[in-house]
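Following this are structure 1 and structure 2, which are two forms of one protein chain, each written alone as structure tokens.
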Structure 1
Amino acid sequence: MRYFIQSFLLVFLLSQTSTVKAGEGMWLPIFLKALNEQEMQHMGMKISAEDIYSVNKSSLKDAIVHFGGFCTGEIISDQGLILTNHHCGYSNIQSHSTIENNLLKDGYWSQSFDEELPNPGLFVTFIESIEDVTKKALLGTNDQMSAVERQSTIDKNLENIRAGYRLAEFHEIIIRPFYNGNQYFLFHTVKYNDVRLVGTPPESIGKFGADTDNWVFPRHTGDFSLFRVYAGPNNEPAAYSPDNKPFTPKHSLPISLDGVEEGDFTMVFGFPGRTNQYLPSPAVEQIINTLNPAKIEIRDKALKILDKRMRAEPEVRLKYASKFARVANYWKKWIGESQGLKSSNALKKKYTLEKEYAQNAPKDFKNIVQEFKTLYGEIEPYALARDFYSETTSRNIEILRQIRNIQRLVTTYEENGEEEYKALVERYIPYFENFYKDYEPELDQEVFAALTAFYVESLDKEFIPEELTREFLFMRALRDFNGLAKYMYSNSTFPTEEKFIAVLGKEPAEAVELIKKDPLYTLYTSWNGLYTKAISAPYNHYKTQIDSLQRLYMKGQMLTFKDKRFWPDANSTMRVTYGKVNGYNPRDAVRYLPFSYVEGIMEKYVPGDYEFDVPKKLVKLIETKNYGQYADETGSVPVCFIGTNHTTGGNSGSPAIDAYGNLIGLNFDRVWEGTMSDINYDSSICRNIMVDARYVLFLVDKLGGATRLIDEMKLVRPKTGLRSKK
């Protein structure tokens, strides 16, 4: 009887593939048992939902951390060793690097605990438990309330929920809305602030293929780095101290030397940032036709300027490597996303779904898509101007981003007086010094000229601050935006470290006076003021309505498509996604196999190249096939592999886990044809890219010689059953 019910359920679940496709979804760990366990086991998983997430015993979740709040990491030894991506550890690796002692370029393998390098500001967060608090959070709300009324009721409820917890230091309660605000979940978290750099391959390996290969398969990137969590007395979280000891975790992931093959079950466990799977068609139209093209073009202009200087000057390249990668990453992603949305017919699919929805939705929910059309039409000019503003002032022109902090100095002086101002200056000075360390004013000036010109040329008059108008240029006898940029950067003290630090060294009243007269300061404050009035106020007005409507639309879809399993859009909370190792057809008559191998590195290898060089030592290891225990049955070492796991930004560094709960790799990217998966997951072409654990181990051992780290790990062979030989 039990068997019958189970197989009936299974058939039922599997018959849902038309609505939730194999691989789609980023699931909440607490619902795996109810929603996913059967399907996962049917796909080959040998462990249970309880082994993945449990509050009563140690489980896989105890080995997963939110790394710095933007990536994922996992514990791979009982001494708190953490594995994450090279690009997740990048800015920390960079901050330990100088031209003479260049950890980015040469890699780094600490030889003892003493050589593990502290990283002020870096933290990792564990999840102790997750709770559904929907009922308490939504108490006293209804669909008739205004958005403001509803939100303030919810805020009060959340405050009450939080008040019910007495928290130890470093423990925190996080409550987040799910399903566009239809449900709420609470996460009990513990944060560790002493996280040290243990090892990293050279950047030429950790970022092999750089921006050319980014978002692309076949891939040969060894995108990993190693850190370690340290704890205070009793294994509790503590601020950095040389006396802290390596942390003893509740669980650490064993690492499989057997790997996986095509068709095998895989699971990715981590902290995906944001997805928008349930948007209506007018929103997707706006992304494809208006917002993505604008953002792409803005970044295109900035990147060209950076690239030119970085190629010519090694020092600029070192300073700007991380910034360039950050800007280029989403620039490229948006290009892929727009292409993918078109080629996967995302809009047509939305139209079909919306038609079906309109026919079957309950009466009160029927006209939602129509209302969306109006609202998205109304918000469009503001949404576009908002993207222009933020891309220009806070993503690409570096000095304007700094002025936000400078502005805080001024308001602190004016509102709280001299003493607090002085204290803030003290706090900001190291921060500013850090900024100038990697800053090239002439380069930024060029970006300023290009982007302000583009802003003015692209947007309506109502969005343009006085300082960027023709009249302003005319009054100061400036011919164009190059002239404006030159005027701004030579008359402002901000672009030059000595000048600005000298201003901060003056008496508060005088310093604030000088800051307020600074031409870049007046430009920024006037632009920001205009933004608040003319862009963000109307934007927020429509966005609040869109958000409320999206909540109803989500609810409407759940009421209408009753037998569909809905997963909540990603929101930087802990999720599990699962699928299979699987190749795909990127285009007609072409099939990509799911694995790449070290020989492929040699095919791409270009000595001396900015993206495709690798250390001689690696070339030698490959030429002599010095693979040790890390080769697979083909006699070579797999580098990367792909699967149907549904991942997004934030999943970088997430462990790829096999059917038995062992680590088989490290998630770091997605394939080009599937970058639209945040909006329209399509299991036929959406693939995540993982570095194979055996390539990671091979590099740690054979390239880095860091056998002390290998000795700490637990290497297993779940398939061949052989004990790992060390």
Structure 2
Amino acid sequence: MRYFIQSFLLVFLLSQTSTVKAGEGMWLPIFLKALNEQEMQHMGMKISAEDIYSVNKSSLKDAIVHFGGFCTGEIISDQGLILTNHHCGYSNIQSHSTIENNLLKDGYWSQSFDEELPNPGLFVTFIESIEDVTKKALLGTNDQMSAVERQSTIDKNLENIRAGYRLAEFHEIIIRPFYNGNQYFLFHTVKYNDVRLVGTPPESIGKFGADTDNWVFPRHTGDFSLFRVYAGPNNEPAAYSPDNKPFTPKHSLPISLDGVEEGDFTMVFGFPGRTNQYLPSPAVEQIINTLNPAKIEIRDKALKILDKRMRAEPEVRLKYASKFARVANYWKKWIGESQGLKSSNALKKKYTLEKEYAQNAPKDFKNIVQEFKTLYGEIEPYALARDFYSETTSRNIEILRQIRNIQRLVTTYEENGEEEYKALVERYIPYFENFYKDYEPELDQEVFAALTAFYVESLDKEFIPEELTREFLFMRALRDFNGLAKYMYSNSTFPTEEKFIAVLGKEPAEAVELIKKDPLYTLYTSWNGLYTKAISAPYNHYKTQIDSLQRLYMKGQMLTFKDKRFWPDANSTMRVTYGKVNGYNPRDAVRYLPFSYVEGIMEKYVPGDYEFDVPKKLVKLIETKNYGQYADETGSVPVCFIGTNHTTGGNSGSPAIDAYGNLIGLNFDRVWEGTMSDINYDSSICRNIMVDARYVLFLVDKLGGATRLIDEMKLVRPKTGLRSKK
């Protein structure tokens, strides 16, 4: 096995022949000096690659945290103050909210360290260092090995690598594959487990625009919240204790009051979740033509049913507002992704690249695309059935999603006995009670009827469980799936809280027997068993082959296109992406400017509307133009701006950083027309959406009155300083 990638990457220096467009890519910070620094500085960056990532001195990376393992946050004071998105802190804000003291509704601004609220289970992770361990990880592997043999060898190698580190408490070694398993990097991390809520705007600001504005621009959402890291003695990580002190970071981000202008350099630093930029054309064809349309139509059917009831009944709207938004989120994303892939000619680009690849690839790699066509053709019916099953049973029919937990009760009883069953029931009771609080059985029954009918209409018989067949309907004298839904929900104890809780109150043996005879439980277990054998097993068989081939294809591309800089797909590890503030033209005769302002809030403002209402105090601040030092040269406060930074899920909460290393905003979304950037980044329409730091400061100061927090931040004016020297 040749360890070509490490040395190969180092020759991917910026060149005129590079096929990576400015702004594309999620780059490992340890390679910025070799691969990106020159381009970044040409685009306007005034700092060096070492200012961004260094293990020998404090750098920007020391201010970046993985927030809870699912978002990004940044340190913005020398007392461990963290800025992240409102939606990233949402569950913790919610956990502190009661009817009498509703932090979600009213917001919260602590007035002292003593008022900062602990969050059990919440943590932040810092990256101490990153190391290329490819040679050690791939020792003893070769391309002739089976996938199982290769992975087994790698797993043993990784165990040996980890064994070579002696780690302090709260420190961890994480090793991840890159370039589809052709390279491995080690991340030395340190975790802080005492993270406290410091401040949050009301939900009406943090989620302003809700589903209507989701994935779109112009945006007017103040999507931010503030937390603080606390440390034990000597500034080291420690479990929560009232005696812990605010953490002193190696670096914190100054905040620019000058903001940015169109064309200015921007950088986003964070932990993007997942991208698939190097997929072959058969995979993209399958996404556009088969998988996305199916998932969109399934959710479309569910959303129409929810929407009709929510519009007619305010009580249902209150219960289902967040559920609707959750379902609509990726429904809307998939629509934009599919349209974006088509409008950006993603397939044509893939075909062109693959033609060139086939002509120039080394002999052992030439036929890979043809092999992909065969494999993607073979996996397609199982991939489609897999998405149908997941969307139907795990995403949109609420009661079937609950049965997964009920099944755990049965399994626990049968495998571990009565005592563990009783303990699990006790833990689950509050969870079930919370589920039923916002559950409408008749509405779920209607969704069940629509989606099971669509499932049966759309898939081959081999993927249909017995309880959804015409024979079953005939046996039960049921005319259609509306009849089936009525039968299932009328004869099951699960849709009714009182009946189900009563079952759980019986002796374990009797309760388990009643659960196992329940028609919805029988359907779920039958369906799940069929899924495991007829869908999941063959899907995984082909997916293993596709993944192995994708690794070879990645290797083949890097050997073939030697003038190209390859960035590794996102995998929730620390990355840097950079671009410029820029508007865009989503369609003919339409141009979006790169900034939105507080006046736009008033244009959208609808008192009492759950999406577009805001506090009266904010209305008054805008009407009286009480903006303080946070207005820009127009005399108004910018709310959001967009740039060409390449982002994805996991970048939520990532800092937007200016040319000088100062915080200018907070990443929280992408524009709808560019959501295909996970598969095909196109700088003409791919834009990330960021809350302007000045709007954040304005809300903290003028709305929240939390001047103590403003006082601990370092506010700077880099552009003003430069202008004054001229």
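The term rigid core refers to the maximal set of C-alpha atoms that superpose within 1.5 Å between the two forms. Here the structure is a predicted model, which means the values were calculated and not measured. Numbering for residues begins at 1 and runs along the sequence of structure 1.
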(request) Only one of these is the form predicted together with arginine, so let me know which. (result) 1
(message) After a rigid core superposition, would you say the CA of Ala534 moves by 2 angstroms or more between structures 1 and 2, or not?
(response) yes
(request) Establish whether a shift of 2 Å or more occurs at the C-alpha of Met488 between structures 1 and 2, with the two forms superposed on the rigid core. (result) yes
(message) Does Ile429 shift between structures 1 and 2 by 2 angstroms or more at the C-alpha, the core having been superposed?
(response) yes
(request) With the core fitted, just quote the Cα shift at Ile296 between structures 1 and 2, in angstrom to one decimal. (result) 2.8
